[in-house]
Structure formats: C-alpha cells, structure tokens
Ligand SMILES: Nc1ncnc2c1ncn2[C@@H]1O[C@H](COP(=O)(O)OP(=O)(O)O)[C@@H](O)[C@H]1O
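Only one chain is included here, represented as structure tokens and corresponding to the form predicted on its own.
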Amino acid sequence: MNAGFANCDRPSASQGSSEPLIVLENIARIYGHGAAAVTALAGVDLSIVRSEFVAAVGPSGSGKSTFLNLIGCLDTPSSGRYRFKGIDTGTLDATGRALLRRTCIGFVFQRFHLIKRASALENVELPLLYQGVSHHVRRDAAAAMLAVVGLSQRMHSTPDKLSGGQQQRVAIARALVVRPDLLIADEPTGALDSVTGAEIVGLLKQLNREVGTTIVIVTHDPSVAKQAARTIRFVDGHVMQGCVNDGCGSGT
C-alpha cells in the first residue's frame, strides 16, 4: 500500500471550483460479521465539489456519522471507492491516511477538545507543531487565524476563561490553521445555546465564502441545515436522491 499522496495545495484558477473534491462510488460500510453484521452505509454514490457548504442530516443510525468518518479518513469502507482530490484513498496505508488528515482535513466537534492548560494561541498552533513548522511561523499563523475568527484579544486566554462560543471559535481556528481543503464539523452547535450556535454557523458560512474551504456539517438542527447550500439526507444507510434543503428535513 502507498503511504504517499499529492500535497493539499489549493486548486489553480484553471481547475475551477466545480471540480469534485470528494467522490464516493458505491460505498458500503458493514460492521461485524454473519448474523451480527450491521450495514451502516449501503452503496452510496455521492460527490461534493470544492467550496461547497453541505449539511448531512438524518435520524440516529442513518449512516451520517459513518459517512463523516469515511470522508475524514478516520475509517475505511468495506467496499467501493472513495476519492479525495483525485486520490484513491483505498491505495493509502494507515500512515498515508493519517498524513492526509493532518494536512488536508480539519475537524470541529460538538465538544471543543481544547487543551485546558494551554492558551487559545497554543491550542490553535498545535496542528502546525505536529507538522514540524517552526515556532515563529506557527505562532504568526495561529495569531492570524484567531484574528479571522474574531479572537485577537483573547489569544492568551485559557479555555476556562472563554465562553462556549469562544471555545468553539478557537476549535475552528485550530482546524483551519493548516488551510485544509475540507472542514468537517460534527454537531458544532450541539453544546451551544441557540444564539451562540447561530453565530458559529454564521462564522462557518463566512469562512466558506471568503476562504473557499469546503465544509461538511453533520447536524440534527433544522435551522443549521437550512444554512447550507445543499443538504444530504441519510436514511437506513442510503442517501435520498435529489434531496435539497427544501425537501430534506433534519431528522432526529
């Protein structure tokens, strides 16, 4: 298996923003064996183009979390092919997938997963530290990204000195500091009140519009799903064909 892959550079103007970033071809994911086997995804075909803002919705157990894990290279399909930036991820070994995640994909979760004793600045620069970026370069990049999410004045604050919304902004800055091609947000407003949640979704929309990062957000909240340009609804491991915002709903 090949551990290497192309660097996650931004597309050139000639490539255009409509080139698929994500292509799933007849993807199935089955857990367990025999009578205990559970099909989480069953023959999913799906494409997401660059710079899209997509919401994945559906009831619990519908397959949306499995979908998130697969596109984030946290899991591998049982069958089918997943191509990311034209890379057949099935040709990558565990090291290659980890390298792809580290350099090309950012993650934001419902719980912020910040280091409690580290400042906002130190939390944001952590992915660059893992990449071996020099101290001054990663500090400058982290400070710049905190400015983008509106936290320049709080960069030296630890998480316990920040509100929930501010902590989520730090988590978003941390995910974006490596300039990923794809940002995956798993219920990013689930631990926030409605007003703060709306602010976070507004920030994601702004970043998608201004930076061009492709965003896939998994949510149970209909008001969040409606903010996406496209909604994909999962039901029993399948994707509803032709599903768009006006007819998808969010499930529970």
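Keep in mind the model is a prediction, meaning the values are calculated, not measured. In case it trips you up, residue 1 is the first one in the sequence shown, and so on.
Only in words, not in the display: the form predicted together with the ligand, which the text now covers.
- For the options Gly43, Gly190, Gly212, Pro59, the residue carrying a heavy atom within 4.5 angstroms of the ligand in the predicted complex is Pro59.
- The closest heavy atom approach of Val38 to the ligand in the predicted complex falls within 4.5 Å.
- The ligand is not shown here, and in the predicted complex it never comes within 4.5 Å of any heavy atom of Asn208.
- Residue contact check for Gln227: none of its heavy atoms lie within 4.5 Å of the ligand in the predicted complex.
- Interface membership of Ser65, defined by any non-hydrogen atom within 4.5 Å of the ligand in the predicted complex, is confirmed.
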